[in-house]
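Before any questions on binding or motion, here is one chain by itself as structure tokens, the form predicted alone.
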């Protein structure tokens, strides 16, 4: 039997999965897919490594499959489509590891309870990330459960980059900048030398731009600063999240509009960002296609903020050797990349407009550009699989 790692990424209404087989010391993708619309119109699709559909299933509109039902369906699919493979571990994306967890960890019931303490720091993500772990532990499976944290890559940042200007005892109690999307940044750092040795050894800013968006300054492969902070609502504006906002605005909304914590939570997580600014959509593609004035304004503001953060992150490294775009928008929107890099020309980035037309991997800076610019597709699933493999063989 060939040993394998299954990777799970559970969202609020979705469950993505992939299976990697260990062959001659290499992890090779065998299966991937997702269950989506878990509480509205559930749909399952499972594909092999070549994208050929192996199984599909839909449930009636309004059917409440939930995460428990999704896990049951996925388990049956894996049992039927992993002949010759023995799943040694499930690697789980867990958004928040707090100060305590700076490395992937094998989870038992006691560890799971400690991870549940971080739910208030990531209320939209942490409960969903942990639910499959709990269900698998309760199932009695012999496969290890390995939690891989989106915060871990940033844990080695200097304290000055992590702290807020709050009383020291609050910093000591864990109120600090954690940063997120660490698994994506770690993957980019792990492959960058294959494309640009100077960038890998030097000063690079990575744009992880998707429905959730952030940026990270990486110096010689290590995170030194990032745009997200205590929670994943900080930093850049996102699909529905506001990004950085003056705390005084929130106090004003409480005092003058009578909004309580839950109303503000809904505002900053679900009603803001590209959706709130445009009034059209949270989807960058829809905004690019729209003739609505506010749609254009929302997109321009998103790019303005990204260009502004680029300058800030470059300052933390006293210079810049490369920029990398990744994730859904970063990999697939030439328009967004061009808008950002046009505002970064003063930093030494010369955009190759023809190269920038691509979607997917490419160098998008000219040969003469002082700062190289790249599009590199991320692979958080492979990063999680690598971590899980290392943990169970430590």
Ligand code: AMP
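Note that the coordinates shown come from a computational prediction; the quantities given were computed from them, not determined experimentally. Numbering follows the first chain given and starts at 1.
The protein also exists as the form predicted in complex with ligand AMP; that form is not presented, and the subsequent description refers to it.
Exercise: residue 116 in contact with ligand AMP in the predicted complex, heavy atom 4.5 Å: Close contact is absent here: in the predicted complex, residue 116 is far from ligand AMP, nothing within 4.5 Å, heavy atoms only.
Looking at the partner-bound form in the predicted complex, is residue 33 within 4.5 Å of ligand AMP by any heavy atom? Looking in the predicted complex, residue contacts with ligand AMP do not include residue 33, since no heavy atom lies within 4.5 Å.
Indicate whether residue 100 is a 4.5 Å heavy atom neighbour of ligand AMP in the predicted complex. It does not: once ligand AMP is placed as it appears in the predicted complex, residue 100 has no heavy atom within 4.5 Å of it.
Taking heavy atoms and a 4.5 Å cut-off, does residue 369 contact ligand AMP in the predicted complex? Because no heavy atom of residue 369 falls inside 4.5 Å of ligand AMP in the predicted complex, the answer is no.
Which one of these stretches, 164 to 172, 244 to 252, 75 to 83, 280 to 288, sits within 4.5 Å of ligand AMP in the predicted complex when only heavy atoms are counted? Heavy atoms within 4.5 Å of ligand AMP in the predicted complex occur in 280 to 288.
At 4.5 angstroms, heavy atoms only, are 9, 132 and 145 all close to ligand AMP in the predicted complex? So, no: the whole triplet misses ligand AMP.
Could you spot which one of 210, 276, 229, 237 gets a heavy atom to within 4.5 Å of ligand AMP in the predicted complex? After the contact test, the surviving option is 210.
Contacting member of 349, 65, 327, 27, with respect to ligand AMP in the predicted complex [4.5 Å, heavy atom]: The residue in contact is 327.
Only counting heavy atoms and a 4.5 Å limit, does any residue of 355 to 370 reach ligand AMP in the predicted complex, and if so which ones? The stretch touches the partner through 359 alone.
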